[in-house]
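As structure tokens, one chain now follows by itself in the form predicted on its own.
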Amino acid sequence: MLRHLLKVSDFSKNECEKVINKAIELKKNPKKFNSILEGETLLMFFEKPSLRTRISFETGMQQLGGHAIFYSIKDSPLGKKENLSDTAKVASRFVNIIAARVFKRQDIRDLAKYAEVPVINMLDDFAHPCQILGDFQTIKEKKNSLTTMKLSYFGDAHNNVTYDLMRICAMFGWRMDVACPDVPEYSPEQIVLDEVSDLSKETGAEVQVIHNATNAAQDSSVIYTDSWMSYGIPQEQEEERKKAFMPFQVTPSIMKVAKPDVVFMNCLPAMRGYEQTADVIDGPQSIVFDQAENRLHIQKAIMLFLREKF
């Protein structure tokens, strides 16, 4: 059956766990799977730049025995010269998987609507499922479990990473505090809040938006933040955003409020002195580079899952 991954909740909790466990297996025994996608091709559309996403997908596909094609749409936007329906249908005749990193959620949805092969969202303005599944792989490796705990997010909550973190915490029955400024432009969209509320009713999760960083950090096992100046944000907004988010900067004092074994996460890129201080991201509780590495392993597992290889 044709499946896509456009947001993390496109998978069930059990499917997320299955993919995470496969990623851990792939990480431990990479040579066991080095020909499983032999002869297959991944096509990657990039509208937004990336370091980790491109390198990890290309490397992952090669390690599985397949081939990856990078196609920049920065100067030739999707749906302009050739409509998305035709693009998806034509590409499906050539390749086995399509992945896209785009600005607008509608573009990835249209690709999936018309594609005849699995579509993976490498990032849009609504979700970042590969990042979040890799994050949960990292948490499982560090905590030896994904049983109920508390994750606290700090900063810009009008944000694709925040949205998928909220979704997966709701799916797994976790507690999550989203600490952000009390203004709509930095807060989660209502459509996300509604989805998370529905997911939480099934699992007993407690996901809430609050506006005090110290309160958010209390009893937390995972402290998470993301860039204040994501790709596409005009440079002239930097000072305004820095002023708004500085009360939610992750500092050593914030880390001390959390549980003694708390870990610090940032999906990168990170600016020291902005979303976190240097002594936090470079300190002993930081697991940001384990996070980054696991993008490789989780994406390999996602591709195998969507290709029905396990």
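Don't overthink the numbering: it's just position in the shown sequence, from 1. The structure presented is a predicted model; accordingly, all values stated were derived computationally and were not measured.
If you look for the form predicted together with a small molecule, you will not find it shown, but the lines that follow are about it.
The closest heavy atom approach of S152 to the small molecule in the predicted complex falls outside 4.5 Å. Using a 4.5 angstroms threshold between heavy atoms, I98 stays clear of the small molecule in the predicted complex.
Residue contact check for N159: one or more of its heavy atoms lie within 4.5 Å of the small molecule in the predicted complex. Interface residue remark: Y231 is counted as part of the site for the small molecule in the predicted complex, having a heavy atom within 4.5 Å.
Look at 245 to 253, 28 to 36, 268 to 276, 66 to 74: in the predicted complex, residues with non-hydrogen atoms within 4.5 angstroms of the small molecule sit in 268 to 276.
Proximity to the small molecule in the predicted complex, defined as a heavy atom within 4.5 Å, singles out one entry of V196, I223, L123, I132, which is L123.
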